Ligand SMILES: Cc1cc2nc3c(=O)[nH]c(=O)nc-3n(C[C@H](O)[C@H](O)[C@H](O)COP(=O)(O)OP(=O)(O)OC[C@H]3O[C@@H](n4cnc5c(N)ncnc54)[C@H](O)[C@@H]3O)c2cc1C
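Single chain ahead, written as structure tokens, the form predicted alone.
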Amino acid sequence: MSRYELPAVVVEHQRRGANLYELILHAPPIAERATPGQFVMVRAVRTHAPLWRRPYSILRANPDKGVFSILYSVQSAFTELLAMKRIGSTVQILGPLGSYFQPVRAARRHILVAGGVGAPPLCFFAARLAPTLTPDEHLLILAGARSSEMLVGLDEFRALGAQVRIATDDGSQGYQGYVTDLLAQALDDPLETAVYACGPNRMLRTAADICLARGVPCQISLDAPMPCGVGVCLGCAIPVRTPDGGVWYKRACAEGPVFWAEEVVWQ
């Protein structure tokens, strides 16, 4: 799949929550080719300081307007530089990169499990998936976070007509507990289901275990350090099972970040 390195023009910069911002960028080649689950590598300035690019999942893409967006929180010198970007300025972008979510067409129910800031690629996936569903298919979103202020993407999910269930660790909204508890409850219904998840790796491991125990197909988008984003540095190697029962490695930035749950060897 083609990837591009180019300066992307900031067309909008919106606050989306407590310390959360959406950066909307004009980059037609990337907007046209981005697929849900893929990411871009971002450099806030043209110099090499900070040295490394940072990976960000694509939140949404509009090929007709030639724009796509990322979501970030201000936590470091790098994201402070992003926060200073004004409309008309540019950021350096490399992408789209990585693998993507693949709809399981045999499923009648598609469950998207979003943990905190893991929601962006699932927002993108839901926006592309929802229009393709048949009348006997439906979309269920399970959104979890430590508190209600950290929930992401609820408006986008609801605008698609999806059913949304919420879990927060502190009980400030929805069910008090883990979003994976909601997943286990949902899977008590034997309806033919596929699960797609993105969030902290601890959550993904639990979601994978739940699905594997019930024979439910599950795709997970792993969180891994990605210094280069193009598979050269091997900093994002993930242990995976081989057909003969052994263990090998795949690169989260190239063969991933989306993997089938049964592939991953958790450490």
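Keep in mind it's a predicted model, so treat the numbers as computed, not measured. All residue numbers refer to positions in the sequence shown, first residue = 1.
Below: the form predicted in complex with this ligand, not depicted.
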| query | finding |
| --- | --- |
| Contact assignment for this ligand in the model of the complex, among Leu212, Val45, Val240, Ala224, heavy atom within 4.5 Å | Ala224 |
| Heavy atom within 4.5 Å of this ligand in the model of the complex - residue from Ala145, Leu71, Leu140, Ala126 | Leu71 |
| This ligand in the model of the complex: contacting segment from 107 to 115, 186 to 194, 72 to 80, 162 to 170, heavy atom within 4.5 Å | 72 to 80 |
| Contact test in the model of the complex: Gln219 vs this ligand, heavy atoms, 4.5 Å | no |
| Heavy atom of Pro55 within 4.5 Å of this ligand in the model of the complex | yes |
| Contact test in the model of the complex: Pro120 vs this ligand, heavy atoms, 4.5 Å | yes |
